[in-house]
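Just one chain is shown here, as structure tokens, and it is the form predicted on its own.
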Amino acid sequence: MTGEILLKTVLGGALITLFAIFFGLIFKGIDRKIVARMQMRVGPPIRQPFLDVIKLMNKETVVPENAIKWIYHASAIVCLASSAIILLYIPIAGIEPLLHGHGDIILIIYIFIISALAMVVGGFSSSSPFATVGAQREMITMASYEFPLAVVIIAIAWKLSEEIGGDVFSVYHIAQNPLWNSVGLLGFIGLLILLFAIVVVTPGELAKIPFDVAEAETEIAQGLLVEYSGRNLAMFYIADGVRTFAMASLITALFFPYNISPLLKNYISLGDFAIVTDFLFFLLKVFLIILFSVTLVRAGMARLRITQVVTTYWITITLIALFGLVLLMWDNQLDIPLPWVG
């Protein structure tokens, strides 16, 4: 029985990894195309990320003379592996995740940190001054966005413990009990504020404009990855797409876990296609989250200075997230019903 569970976990993990890589690169291509169109450019084809990966895989991997070679190579592998592992804990289209248990949402946050730390360690190990500056900036950025992200997670878990109980730090449990169904007017506004906070955290978590100070091409020549090439760079490139998909999937599970098949069943008979419609609806939600948290932001904003990144996350977004938490706390005390319900 143990061997069967292990085999299921290994095969399931491999399939989810391939799934994450494919859709991570697809959404990366769509993102680039939309940004190009918004900037009055034609842009690359949507398949371009796949072509980039194939080209990089066929290129020679050049290792800097003074690099710590084993760390230099291992960092890319750890970054990609940790990014893919995240999706093993996140329910996709309402399906129970392959791995889940008590406190897995805390584990997910730590795994996100591992993938970022892998880039930091890789940057330091390359012995490049540009990469060193980029690694320092990435550590500062990490320390900045983790606080508001933690506030959002704690607020959701606290409210869930008040209303429903159970394993409130399990992503699957949170997805099975959407808070939108359990709050009044103040709680609804509080959830919207928390959603805004985590959407602003997303580009920082993914090192996207305006929070891509660790990779600033015009300042530090790609920063963290300046000395990477060939297969190692390809793995970092793939990991970026997988991390983007994983972060959007996490937001979907926390705030928009609903499936569309129960609604469609009132009008048409779906039968065995219910899971297909839910899966497509899940991909639509992920795309919309990426669109609003990454694509539109990087198309319309310029890069912030490192001091502005710290101020934005530690002060502005943290205070906004704390205000959302306070509204969730007041929701029980004041008990103001939603005006459009009953």
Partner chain sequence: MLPMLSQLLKQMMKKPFTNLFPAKYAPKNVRGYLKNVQEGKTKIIPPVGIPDEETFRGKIVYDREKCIGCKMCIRVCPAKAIEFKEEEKKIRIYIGRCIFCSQCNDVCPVDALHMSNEFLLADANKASENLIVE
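Positions refer to the first chain, counted from 1. Computed from a predicted structure; not experimentally measured.
Only in words, not in the display: the form predicted in complex with its partner chain, which the text now covers.
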Looking in the predicted bound form, any heavy atom of residue 296 within 4.5 Å of its partner chain? yes
Give a yes or no for residue 42: in the predicted bound form, does one of its heavy atoms lie within 4.5 Å of a heavy atom belonging to its partner chain? yes
How about residue 69 - does it come within 4.5 Å of its partner chain in the predicted bound form, if we only consider non-hydrogen atoms? no
With heavy atoms only and a cut-off of 4.5 Å, decide whether residue 275 touches its partner chain in the predicted bound form. no
Do heavy atoms from each of 34, 38 and 300 fall within 4.5 Å of its partner chain in the predicted bound form? yes
